[in-house]
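Okay, here we've got a single chain as structure tokens, the form predicted alone, with questions on binding and movement later.
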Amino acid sequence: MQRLKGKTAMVVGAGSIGPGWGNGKATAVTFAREGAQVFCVDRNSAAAEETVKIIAAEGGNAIAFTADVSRAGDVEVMVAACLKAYGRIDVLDNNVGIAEIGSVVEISEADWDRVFAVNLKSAYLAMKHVIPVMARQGGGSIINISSIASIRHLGISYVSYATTKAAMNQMTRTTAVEFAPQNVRVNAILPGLMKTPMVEHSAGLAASYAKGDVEAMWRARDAQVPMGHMGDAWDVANAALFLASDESKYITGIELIVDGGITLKVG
């Protein structure tokens, strides 16, 4: 349908931590399939290149870029490189995130700071440098990938992850209001229990669910969802596509929950 034809999309976290489809990888490919030229950013250069190869093989236009988006200098260079390559940024998808297991009593100060830098500071820095570009262009769409852990306790002790995502929601709301006059839309997606490489490779999650048994973890997570199964990266990608496209041109400041109904449950 070419819903993003003529747009440049920057996907931060466009690689995947392992084989399969992570949210960022699926989103980058979906954006390209819908006509966007995609600037694929990841800390892992090989992962970003893999996403670009998939897009190129399908006839799309994409560039890989390596950056640690928890560092201001990297983000400045990243934005400049995208502008040099494509001349504009119409869509920003903030998709990096890590989950560190532990309550406030258990988690170390160093891990707390690291989770905040990766999950929250990265989105702040990206918006800080991209919003002025979008404002000069006459508008744009920013999509922050949050989590239902920001609004519910999911039975897993990862307070730093949940807290960063809750802060991301409020940062999304306030930024949406402040830059609405410049036609810069800012929305959040709150994925539920997803079957992605990030979850599969999180030893802490597997240990919390099923004593390290990944297959048992998948079954336990499926059973938690009213629809009877987890979502996948394409569910997140399709939600991002809607928010990136002009179909959502009058939508800003929302939290789009993609969770198979799990947040509707009492327990």
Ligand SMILES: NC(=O)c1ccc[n+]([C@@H]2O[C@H](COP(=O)([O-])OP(=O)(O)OC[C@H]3O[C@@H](n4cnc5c(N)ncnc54)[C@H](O)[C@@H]3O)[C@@H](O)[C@H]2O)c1
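The numbering used is simple: start at 1 and walk along the sequence shown. These numbers come from a predicted model, not from an experiment.
There is another form of this protein, the form predicted in complex with this ligand, and it is not shown here; the text below is about that form.
- Of the candidate stretches 184-192, 82-90, 124-132, 171-179, only 184-192 has residues whose heavy atoms lie within 4.5 Å of this ligand in the predicted bound form.
- Contact with this ligand in the predicted bound form, judged by any heavy atom within 4.5 Å, is made by just one of Ala206, Ala64, Ala239, Met198: Met198.
- Contact check for Ser141: no non-hydrogen atom falls within 4.5 Å of this ligand in the predicted bound form.
- In the predicted bound form, this ligand sits within 4.5 Å of a heavy atom of Asp68.
- Heavy atoms of Ser245 never reach within 4.5 Å of this ligand in the predicted bound form, leaving it off the interface.
- The shortest heavy atom separation between Arg33 and this ligand in the predicted bound form exceeds 4.5 Å.
- Within 4.5 angstroms of this ligand in the predicted bound form, the stretch 147-185 places a non-hydrogen atom from each of Ser147, Tyr161, Lys165, taken in sequence order.
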